[in-house]
Structures are given as structure tokens and as C-alpha cells.
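Shown next as C-alpha cells: one chain only, the form predicted on its own.
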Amino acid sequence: MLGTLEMGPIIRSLTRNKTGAVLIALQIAVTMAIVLNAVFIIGERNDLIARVSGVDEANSFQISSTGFASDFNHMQTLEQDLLDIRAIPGVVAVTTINAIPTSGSGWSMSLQTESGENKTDVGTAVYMVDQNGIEALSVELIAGSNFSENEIRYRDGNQEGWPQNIIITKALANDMFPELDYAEVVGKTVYINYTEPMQIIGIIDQLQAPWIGWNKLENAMLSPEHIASGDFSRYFVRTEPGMRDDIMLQVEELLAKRANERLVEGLRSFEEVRERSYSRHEAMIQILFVVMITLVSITGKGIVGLASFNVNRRRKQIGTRRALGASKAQIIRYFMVENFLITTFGIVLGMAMTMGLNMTLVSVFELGRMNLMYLPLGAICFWLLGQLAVFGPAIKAASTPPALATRTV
């Protein structure tokens, strides 16, 4: 252990030449505050990206069709497209759909357990699908039943009202009926547009909404209907494993056979849709990594620079101590302890700055609160950084011959 006789000179040296030490401590504090919050944000973003959508992501894709011919029959074309796509070998299921999970664009509504205005409501994403929607989306029906073919309706642009039956996610069921189990939720009536009743006939395990930043991401409902307005149709196709890319081309060619009547576009795998939605998160993670590496490198070099400066400035002192019998280990320890004290001051200040910055991010950007475990882990990392950065100059100081160090120039 370091004795009192050795600690005294270190403290006195720091108090006499405190400018450099204070600057390094401040640099450590600022770096610690930024790096720990960056690590926290990266962890949050990775958790968001890792969320399961509920869809068979690797084997699903979307494609859309928009008719422009004057005699284009939308309903007839839609029904024939579904039959033709379903007949392609390797297609597990296909459905029409108004929006794609995690895509960033879709429909939302509010549901109530009681009829009337000013009643408590719960927001939900709305997916309009047919009887094949559950299989195409690869979600699991955990209670109740699926839609029947004869209850699928066509929604045109002027149509009002909603279908009688709906299927909801278990997350939405938990929000609306927290005291009931899923079997008891089936058969319950909920209200849309304040007074219009709909009956819950089934509950699925999971399906994310289109908006990845929404705090009700898992709230979704399936409505049994085809969109039949504007001559636009969007198809969501699920394939056998490993066949997606080939079937994507087949479906595109199939729909494009009537290119003189309609425009075929929007061919994207679900993975591509998901990657586009999370691209900002990915970019933020990359930027934060660059910032972290840059700041840590600058801080490490600052510590090395201060230590090297102190070695050169105190060569006579080092030589005197060596001449009086101080070992190389004692000289190394002197600089290591000195750096440890500077780093500790910076870490204590950095902890306060870290929490202050996190509180600002929470209030301004609605981020989560940082786990306090980041602070001791960060302290350990910065202590190690300081010790590693000063070790080279400390070795150099200990290797200086006493005669050369005490020589007057």
C-alpha cells in the first residue's frame, strides 16, 4: 500500500500544479457523461430494434396494385389476384391489407368498453384483412375464432361504419380488460366512434402497429374487410422458408401481365420494410459509436500528454528520488496513484454530470431513465482507462537514469 510519506508529495504536487490536473478531470467528467448516456441510448435503441413484430419476417413480402384503365374492375381483379397468388407453389397464405406492421404508415382508432363520449378509450392500430390474414401474418390465435369467408366485406371510400366482429391482440385485451383472462374477453363488446358496437371474436398473441415509436406498439386489431377504393390493393404474402425471393419475382410478373390496366409497385420484403423503419435508429447507433470512440481516444491522449508533461517537468525530482534509493516500482506507483486521484475526481464529477444529462434527455426527448448500474461500471472503465494511459509515461519516468535526470542543463 502507498504510505503517508508517499501520498504527501503527490497531494502537494497536485495542489501546486492544479491547472493541468483539473483540466484532465473535467475532460474525464464530460467524456464520462457523454459516453455513459451514449451507451444507454445505444442499449435502448438495440432493444427497440430487437423487438419481435409478430410476423414471419424472413418469409413475407408486400406488393401493391393500382388500376388506371377506365374499365378496370377493382373487386374482380382483387379476387382473381388472390386466387392466382395463392396457386403459386410455395405460397403459404396471402391477404389484402391496408397497412404493414412497423412500416410507419397505417390506420389507428380508439376503442371503448362503454358507449358514449367522454369515456375512457384505448388506442389501437387497425389492420383490414380477410379470413387468411392470421395465417398470412403468421400470428397465433390464442383464444376465440377466426373470421369466416362470408363476413369479409368490401370497404369503399364513402362507406361508413365498421364490421360487427373483430380480432384483437392480447396486449390490447390486457389494456381494455385487465381483470379478465383471454377466454373471458372473447365475446365482449367494445365501441368504436363512441357508440358503434363491435364484438371481439378472437385474440392473437402478438402483432405490432405500424409506428415503431408508439408507446402502444403491441395494440392492434384485425377488421374483416377488403379496401375497395381508388382501385388500389395491397397484398401481403407469406411463403415457405427460403422461397420468398423467388416467389416475389413470380408474383410481380403475374400482376404485371395486365400492365396496360394497372401499375404494380411497392414490392418489398418485410425485412426491407423493417430495416427502413429502423434506419434512423441504426444511424444514431453508428454516430454514437463514433462519438464515443473519439471522446475516449481524446481523453486517453490527454492523460498521456499530462503524464508525459509531468515526467519531463519533474525529471530532477525523479532523479533525486532514484538517487536516494527509490525503486522503479515506486516511481511507477507514484504516477499511477497521482493519475488515480485525478481520475477519481473526474469520475465523481462525471457521475453528477451523467445523471444531469440523463434527466435532461428524459425531459426533452422522452428517453428512459438510466439504470444506476451504469455509474459504477463507467467508473471502473475510466479508472482502467486512466491507469492504462499513464502506464507508458510512468515506465518512461522509472527508466530515467538518476545521473541524467539530475543533470543541470
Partner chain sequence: MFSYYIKLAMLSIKRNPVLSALMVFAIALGIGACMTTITVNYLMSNNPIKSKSDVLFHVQLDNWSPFNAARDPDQPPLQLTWVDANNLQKAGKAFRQAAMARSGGVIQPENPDVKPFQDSFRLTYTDFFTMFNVPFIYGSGWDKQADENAEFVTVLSRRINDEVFGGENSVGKTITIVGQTFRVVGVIDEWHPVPKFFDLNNDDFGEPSALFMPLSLKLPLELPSWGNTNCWKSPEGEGFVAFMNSECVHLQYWVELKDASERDSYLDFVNSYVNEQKELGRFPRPLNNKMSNVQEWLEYNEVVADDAKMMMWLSLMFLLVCLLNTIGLMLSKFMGKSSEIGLRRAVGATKRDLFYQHLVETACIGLAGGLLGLVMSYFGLQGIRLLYGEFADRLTSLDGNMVLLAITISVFATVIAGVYPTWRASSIAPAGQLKSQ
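Since the model is a prediction, treat every value here as computed from it, not as a measurement. Residue numbers count along the first chain shown, from 1.
Beyond the structure shown, there is the form predicted in complex with its partner chain, which is absent from this document and is the topic of what follows.
Heavy atoms within 4.5 Å of its partner chain in the model of the complex map, among the stretches 24-32, 340-348, 53-61, 380-388, onto 24-32 alone.
Residue L295 is the only one of L295, M336, L254, A228 with a heavy atom lying within 4.5 Å of its partner chain in the model of the complex.
When its partner chain is considered in the model of the complex, V364 lines it closely, a heavy atom lying within 4.5 Å. Contact between I41 and its partner chain in the model of the complex is found at the 4.5 Å heavy atom cutoff. For the chain shown alone, G161 is a contact residue for its partner chain in the model of the complex, at least one non-hydrogen atom being within 4.5 angstroms. In the model of the complex, its partner chain sits within 4.5 Å of a heavy atom belonging to R280.
Although its partner chain is not shown here, in the model of the complex the stretch 107-133 places heavy atoms of E117, N118 within 4.5 Å of it, in sequence order.
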